[in-house]
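A single chain comes next, written as structure tokens; it is the form predicted on its own.
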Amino acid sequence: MATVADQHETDTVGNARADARAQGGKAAAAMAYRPASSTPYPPPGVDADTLTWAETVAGGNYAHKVLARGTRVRLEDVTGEACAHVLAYNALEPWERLNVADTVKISWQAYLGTGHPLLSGDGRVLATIVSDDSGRHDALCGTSSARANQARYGDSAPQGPSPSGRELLTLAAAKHGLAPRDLPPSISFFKGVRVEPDGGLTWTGSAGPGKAVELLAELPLILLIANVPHPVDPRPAYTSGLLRVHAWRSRPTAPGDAWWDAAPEARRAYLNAADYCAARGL
């Protein structure tokens, strides 16, 4: 609730302008850093001047960015309580998007980790997991829904205390002209599950604070991220910590790289992506 002093600070156009300009130099625990080189937390071994994206995403919030082919994206779980629900789209033709079923199928296993290509439904690699010291990820459960969050936490609104991943991804998608029908199942980083012999899912939680995973964009990408609790997190409270995001220019996977020839299926998917980009002069 605004106080009398707050109202006085903005009771005229001049005061409102002065108040707004006074916010310019302030920092918060969660914010986007512009330019990206101004981040207080550059990734180890990366020159801050080469960064193209730097943002700390609060729990219960989202981020989005268009990325050039060959961009390397680092996601870091600051407190051990982040869960990054991620969707990727071909930025040139966004109807091509992450296909979780094909992502699992091409590697013949469901557990994401270093070297795992993330596939579109068109048989091309959208991105590759090129580094991972967490190992707690999920390609099976998707993100949380409004109905589930309302039943569990009593609220799911994006501006409320317990927003759902689906609603936040809907907001992020809208920034790029995409609608709810354009949201496929997402993948999750930093909170894991394991499939038991009877088909049940066991929650494995977080690997702890400071863990990171890095993605390499194999096509120009639209990347959407919702930082919300995993849908099978057994804890009754809405628990979600800071997620740190940095990106910088690198190069896409090429013949001779380890991931390119990891399996015949992967090689075909990388060839499909390279062919698509070559035809467009990328």
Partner chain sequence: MTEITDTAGRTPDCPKDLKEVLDPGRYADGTVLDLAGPLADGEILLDEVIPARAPWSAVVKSGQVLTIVDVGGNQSGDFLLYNAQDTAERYSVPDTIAGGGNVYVRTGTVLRSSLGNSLATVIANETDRQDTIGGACGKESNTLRYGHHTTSEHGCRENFLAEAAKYGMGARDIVSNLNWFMNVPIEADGTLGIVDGISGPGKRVALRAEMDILVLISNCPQLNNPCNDFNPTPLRMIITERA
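Numbering follows the first chain given and starts at 1. Treat the numbers as computed from the prediction; the structure is a model and nothing was measured.
The discussion below concerns the form predicted together with the partner chain, not included here.
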item	value
Of 209, 185, 205, 113, the one that lies within 4.5 Å of the partner chain in the model of the complex (heavy atoms)	185
Exercise: residue 155 in contact with the partner chain in the model of the complex, heavy atom 4.5 Å	no
Contact label in the model of the complex: residue 232 to the partner chain, heavy atom within 4.5 Å	yes
Partner proximity in the model of the complex: residue 175 to the partner chain, non-hydrogen atom cutoff 4.5 Å	no
Any non-hydrogen atom of residue 179 within 4.5 angstroms of the partner chain in the model of the complex	yes
Residue stretch of 95-103, 75-83, 155-163, 128-136 approaching the partner chain in the model of the complex, non-hydrogen atom distance within 4.5 Å	95-103
In the model of the complex: members of 193-222 within 4.5 Å of the partner chain, any heavy atom	195, 197, 198, 199, 200, 201
